[in-house]
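The chain that follows stands alone, in the form predicted on its own, written as structure tokens.
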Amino acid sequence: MTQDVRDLLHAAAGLYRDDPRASAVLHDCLDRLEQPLRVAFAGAPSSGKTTLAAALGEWPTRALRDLVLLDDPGPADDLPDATVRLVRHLEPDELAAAHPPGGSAFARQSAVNSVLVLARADEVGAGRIDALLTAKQLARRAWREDPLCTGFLGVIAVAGQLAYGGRSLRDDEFDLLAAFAAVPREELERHVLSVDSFTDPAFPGPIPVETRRSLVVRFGLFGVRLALTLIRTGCDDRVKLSAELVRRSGLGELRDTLAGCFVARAEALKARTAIIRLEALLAAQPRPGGDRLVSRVERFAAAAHDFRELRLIADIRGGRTALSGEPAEEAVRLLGAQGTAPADRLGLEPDADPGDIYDAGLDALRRWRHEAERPDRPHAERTAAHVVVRSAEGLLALFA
């Protein structure tokens, strides 16, 4: 796919070689094909973009090392390759505003480059101790049932402040929280009901108001209450508490989604960005001979199977297909949700014998062809099976 896009861009550069501005756009497109994937964090002011980007960006994980995270994209990044869209509530007006502009037919067809995040998940239900669990249930239900969530590669509840605080938890902060947790529960309870009561001078013990206020700034009152509960129930050192706060924040689920949907498809998503920019140039500055390039772009769009795979993965995981259970799990794996290498698609070990990979691929192809041709299955289900068949065929073609 990337080589096809390079060829298109070089052909366009020849067409526009006498136009410095157009040439600069096309060469920038070529340069960006060689650069890391750009992922923008978008959302209303105070939605937590910077905090969430920092929590992910400072996570030393191989899964995200090939991404550039843009919490405040500049003019040069007005068309990022992928987007994490933050909303504070799953209300219709916010969800409608979270959808990007339609753009060209190819842009709409391949609009599978966004993940929706219910940010500030710790505020759900007035910040009760079960707020994160409730927020995750709301996010899953919205993804399955709300038409406004169609097209997103996932709807994930994340408490960004808790995630960042947990990731950067210091020894002195753990010692403070442990000291608070040692106060008898009945004595401490009424002092952690609100920020005012937590920072009240009547708070038991010698910890200064400014120190308690700094904890609220770092973790939020929900995070302080959760940390106290976790310390009382076994998180007895900084490392354990940090790991548990991050796990409960939803950051890990977001990281895995970005790795599976963005990192694994980086080349396809960068190619998408280049094609959309090329389409815009051809439309804004038509040239004699440009119609041939337009036709090549249309053929490229029609053959771009990666985006069909991503859309079907989202539909299966969002419960918008008839596939369920083991067939659904196998389908999303064959579509590349757990990695696009042949062994990943077939659920084999990375060092599996090529002969075993081929045999497993052939077996999968036969079974899904059968599913795609079954007359007793609904049309939508057979259509989905055809996409899986195409993926299996592509896998086997690597052995030709």
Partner chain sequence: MTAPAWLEVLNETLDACRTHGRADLAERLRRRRDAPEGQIRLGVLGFPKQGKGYLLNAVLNAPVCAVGDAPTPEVPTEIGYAPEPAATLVGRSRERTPVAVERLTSELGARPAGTLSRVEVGVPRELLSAGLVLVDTPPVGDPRSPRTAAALDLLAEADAVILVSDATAPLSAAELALARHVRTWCPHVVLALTKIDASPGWRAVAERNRGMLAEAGIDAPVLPVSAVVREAAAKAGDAELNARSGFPELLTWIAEQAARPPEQSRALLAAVGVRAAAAELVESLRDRVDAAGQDAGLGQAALLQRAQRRADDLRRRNTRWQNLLSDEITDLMGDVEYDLRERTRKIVNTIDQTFDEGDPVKVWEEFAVWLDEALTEAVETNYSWLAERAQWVAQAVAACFGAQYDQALPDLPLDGSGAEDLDDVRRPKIEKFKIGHQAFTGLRGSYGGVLMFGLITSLPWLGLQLINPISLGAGAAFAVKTIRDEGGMRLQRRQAVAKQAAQRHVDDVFLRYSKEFRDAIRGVQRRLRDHFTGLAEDLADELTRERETIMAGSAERERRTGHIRKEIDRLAGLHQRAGELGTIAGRKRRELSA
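Positions refer to the first chain, counted from 1. Predicted model, so just to flag it, every value in this text is computed and none were measured.
What follows is about the form predicted together with the partner chain, which we do not show.
Though the partner is left out of this view, residue 128 does reach within 4.5 Å of the partner chain in the model of the complex, counting heavy atoms only.
Although the partner is absent here, residue 314 lies well away from the partner chain in the model of the complex, with no heavy atom inside 4.5 Å. Proximity of residue 195 to the partner chain in the model of the complex falls within the 4.5 Å heavy atom cutoff.
Among residues of the shown chain, residue 308 is not one whose heavy atoms approach the partner chain to within 4.5 Å in the model of the complex. With the partner removed from view, the residue among 105, 302, 283, 217 that has a non-hydrogen atom within 4.5 Å of the partner chain in the model of the complex turns out to be 217.
Among 109, 168, 134, 229, the residue placing a heavy atom within 4.5 Å of the partner chain in the model of the complex is 134. The candidate site formed by 28, 37 and 146 is entirely out of contact with the partner chain in the model of the complex, as no residue has a non-hydrogen atom within 4.5 angstroms of it.
The stretch that touches the partner chain in the model of the complex, counting heavy atoms within 4.5 Å, is 135 to 143, out of 235 to 243, 179 to 187, 250 to 258, 135 to 143. Scanning 200 to 235 for heavy atoms within 4.5 Å of the partner chain in the model of the complex gives 200, 213, 216, 217, 221 in sequence order.
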